[in-house]
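Listed next as structure tokens is one chain, alone, in the form predicted on its own.
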């Protein structure tokens, strides 16, 4: 059988070290990428299956099912944030006066914030409550396998919110979702009754967008910040999870502070790109704990 994949082509405008690439794809922003071999990944970007392969000196090559979608180059630029000047974003962070942030940035010098589909990002982070990355990926893989559409290349897409509104809650629970199934089902009903909600959130100022997302079942401050940062590219969002709470206690002496207070400190201290700083801190803390 003929190989259905295109030849490997270099990804332009981003030459990450491997640790930065690994953290960008598999560091809690997205949950549909899988590491295949030591330096290669397969995943889904929107409704496109993509393979990525890293090789020294800091080059990423990609392959897609043949023929490649016509809009893939621009879609990749948007997805990996290549249309932004990351040099300016990195420089805007307070690394000069913050030695711990400087250390985190040195460990992952090319870390990016993925720009994902907001509707899919909302689904992913509704699955994230009290779960680790590997468990979230397992839930989503089961959901896609049972209810998604097969894509060129073999993987399946996640079901849309319209499709989710038609799936019984018991079937969602069969995908190891537990109590999250009720929130997903409730959100699916809400979105079915409120067309345009996802788009409207993207047009609002940060604080209003955050409050609007919190209207959805199962969405609190942390989930709303994750959706805004990773789905709407709102870099001022500063999600606070267990890793970030530990980092702010250990590195910034913010003991006995609520999640709300820590998030406020993060947005104030790190500035307009606080969400990017958050991802550096998250990557450092998680990898440091492993070592």
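Positions refer to the first chain, counted from 1. Predicted model, so just to flag it, every value in this text is computed and none were measured.
The same protein has a further form, the form predicted in complex with the DNA, not shown here; the description that follows concerns it.
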I'd like to know whether residue 153 contacts the DNA in the predicted bound form, with contact meaning heavy atoms within 4.5 angstroms. no
I'd like to know whether residue 248 contacts the DNA in the predicted bound form, with contact meaning heavy atoms within 4.5 angstroms. no
Closest heavy atom of residue 223 to the DNA in the predicted bound form, within 4.5 Å or not? yes
Decide whether residue 253 counts as a contact residue for the DNA in the predicted bound form under a heavy atom distance cut-off of 4.5 Å. no
Partner-proximal stretch of 88-96, 170-178, 190-198, 145-153 relative to the DNA in the predicted bound form, 4.5 angstroms, heavy atom: 170-178
Name the single residue among 114, 140, 219, 101 that comes within 4.5 Å of the DNA in the predicted bound form, judging by heavy atoms. 219
Of 54, 243, 33, 232, which residue is found within 4.5 angstroms of the DNA in the predicted bound form when only non-hydrogen atoms are counted? 243
Taking the DNA as it sits in the predicted bound form, which residues of 98-134 have a non-hydrogen atom within 4.5 Å of it? Please list them. 129, 130, 131, 132, 133
